[in-house]
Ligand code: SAM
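Starting off, we have a lone chain in the form predicted on its own, written out as structure tokens.
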């Protein structure tokens, strides 16, 4: 197999890949970074081939790396062998993974959200932490949720931090963007349950009705759901608190709720 070897940090593809750490360049290009063999192989298994691939010098003959290179080439992309210092520059980590891929983002239109029995979607209101969002994507995939609705100005699910935390689930969970107004309009025609979490709720999460097509509506890490979004909920639930804490981390609360939904299946 022929290798393209890159040795200069001034190389245009190296600069392009480094720029994908910034949201504005991810938006401009429609690409994002995924780091590590596991995530890149997961992408390929789900039909996503990298548009750019960089891998550690001397690893081109590794069977798993060769598979990624072949998929990249078949997709019309470019695969490049780079020195460890360039991998570090691209990943912005001192100990980068062996491979880093750039993939096309895959946003879905709201029309994909069609209520069917046993369907589950998660709606997140202005989630700020990429680690939380990545963990929620991972948990959503684990319970078989259809996807995630990101309301208003959420953190980018295609940031490297969110992609890392998702452990590849970013490739297997549909992502939809909506404004608060659009979600409120959408909710009026949703033929199922919208279950929101709120400190003001009186219903224990274990007593909620999860029998219908469900949207699990979760609020911002600091302020929770807005009043307007709370009003869209058909049920508001709470988590019991036995200690001094009055709330859970967003990813934890979402995980608890999703697994209660799964238990009811």
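Numbering follows the first chain given and starts at 1. Note that the structure is predicted; figures quoted are calculated from it, not measured.
Not pictured, yet referred to below: the form predicted together with the named molecule.
- Mapping the unseen interface onto this chain, residue 253 counts among the residues with a heavy atom inside 4.5 Å of the named molecule in the model of the complex.
- Put simply, residue 45 is far from the named molecule in the model of the complex: not one heavy atom of it is within 4.5 Å.
- When contacts are judged by a 4.5 Å heavy atom cut-off, residue 237 counts as touching the named molecule in the model of the complex.
- Although the partner is absent from this view, residue 225 contacts the named molecule in the model of the complex, with a non-hydrogen atom inside 4.5 angstroms.
- Out of the listed residues 198, 57, 70, 64, 198 is the one that sits within 4.5 Å of the named molecule in the model of the complex by at least one heavy atom.
- With the named molecule left out of view, the stretch that reaches within 4.5 Å of it through heavy atoms in the model of the complex is, among 107-115, 147-155, 171-179, 190-198, 190-198.
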